[in-house]
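Take a look at this single chain, the form predicted on its own, given in structure tokens.
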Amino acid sequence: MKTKFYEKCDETELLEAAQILKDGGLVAIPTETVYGLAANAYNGDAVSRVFEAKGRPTDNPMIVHISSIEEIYPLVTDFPEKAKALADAFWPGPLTMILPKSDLVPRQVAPKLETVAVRMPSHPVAKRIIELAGVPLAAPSANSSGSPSPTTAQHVLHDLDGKINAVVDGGECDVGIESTVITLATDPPRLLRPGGITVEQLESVLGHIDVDPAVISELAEGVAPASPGMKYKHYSPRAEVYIVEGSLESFRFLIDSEAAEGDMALCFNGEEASVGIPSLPFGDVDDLEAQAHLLFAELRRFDDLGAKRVFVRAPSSEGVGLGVYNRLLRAAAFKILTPPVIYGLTGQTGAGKSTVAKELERKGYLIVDGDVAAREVVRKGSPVLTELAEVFGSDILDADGELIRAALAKKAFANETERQKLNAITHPAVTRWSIDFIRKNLTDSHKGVVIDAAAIFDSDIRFYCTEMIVVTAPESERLERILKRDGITHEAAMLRIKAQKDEQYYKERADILVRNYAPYNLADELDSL
């Protein structure tokens, strides 16, 4: 069939679209949430054709759309006061209510259910088409079943061109995710699908409501879905989708340790450059409405880009974010990755960070020793050592090709420019070694990871650390420890102390401050870890 495309949205076009619906045809219409594939809700055969066009499972119920409150009464056997209060507060708008259905509702609309889902869209084009058709419209999202819902007419054509009678182009959808669904057939009312109307908004009208476990987990085996979006894998591009919980630092670690060719990321605005693989943003980290608006369009773009896997920064599950998180769970088929908590551990010389590292190891953390990493990357014959010799001269190597550390230090620390050359060669290698070490050695028995590195604030490894632990001690205490530990002169020890940045520098960059000196008890200082 040839799919007609209406883009003027004038009265003539809308009358023609309405006539197609009255005649039993299928028309994709814009709503404020997503585009819906509409059919006459009273025509069971037309509703069946919606399932066929989308490839939709036949036990997945549909939402019936109305244009005025009067149109709900023939559809339901009861329109209770709580439902009327919700309608007064949120209709027209992105809220669907589930109520006991009347005999006028065909079985195809709500298979195996004694209820019907109803909503009144606020999009003026949708409202006018329903008015002109003179019948309520059953309309799931106008996409191929399982793929991201369409938020533009072009998305609809991509999926359904040639399978439906017409598409009405009403512009880009405002909300971007499907409506909130709440059932009034239970006491208390129960949220079945989160969306643009939040739990908090619903409770401001109804008081306490329950949240169905299927909002954030898989529907129990054998349970019929009471609402669209509860049972099946939905909203997914062709690529495999993985939700990554945790901080940006955790996200970077997961990608740098797991990503392969063809992998891409969905992250928040401003994070693209730091992620390390091709990335698309979907709003600011705290702009939940923008995330909802952009989510499906960006998921579709990954297909255009040929992504094989997509790693997604998990959004907040508060407010509208719960709707975004719910859609991502379905898109990912509940594949959730939780990278390890990674702490950076540092402090001035003599503060006792090695002592702290041992205590944290005893508490169950995997320790990554930065000194060991630095030695490993410059082993004889390593690419790093070869590059160092090219930049700083072959005289930094002995006759056996081993690194002469004193010779390198003399050249590399001659000035800031030379030091930066050294860091540009060694830091990426140390970071790579550390990531590989964590991958090979981290087990489920570990509480997390601690990277023990004196110069961590100058290293790329800091970008993987969720929090920084700084160990402090008074200068006199540090001096005494250095003298005892290294057997050097007082003058030499003071030169080491003065060569480092002052204590304030470290404290300003600390998330956790550990006081490793009397009268403080180290176990108490580390109690929260």
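In this text, all values refer to a predicted model and were calculated from it rather than measured experimentally. Don't overthink the numbering: it's just position in the shown sequence, from 1.
What follows is about the form predicted together with threonylcarbamoyladenylate, which we do not show.
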How about Asn40 - does it come within 4.5 Å of threonylcarbamoyladenylate in the predicted bound form, if we only consider non-hydrogen atoms?
no
For His155, is any heavy atom within 4.5 Å of threonylcarbamoyladenylate in the predicted bound form, or not?
no
With heavy atoms only and a cut-off of 4.5 Å, decide whether Val470 touches threonylcarbamoyladenylate in the predicted bound form.
no
Although the partner isn't part of this model, could you tell me whether Val310 comes within 4.5 Å of threonylcarbamoyladenylate in the predicted bound form, counting any heavy atom of the residue?
no
Going by heavy atom distances of 4.5 angstroms or less, which of Ala331, Ala139, Leu345, Ala265 would be at the interface with threonylcarbamoyladenylate in the predicted bound form?
Ala139
Candidate from Ser434, Gln291, Ser227, Thr151 lying within 4.5 Å of threonylcarbamoyladenylate in the predicted bound form - any heavy atom
Ser227
Counting only heavy atoms and a 4.5 Å cutoff, which of 257-265, 357-365, 198-206, 91-99 contacts threonylcarbamoyladenylate in the predicted bound form?
91-99
Scan 29-68 and write down, in order along the chain, each residue with a heavy atom lying within 4.5 Å of threonylcarbamoyladenylate in the predicted bound form.
Thr31, Thr33, Val34, Tyr35, Gly36, Arg56, Asn60, Pro61, Met62, Ile63, His65
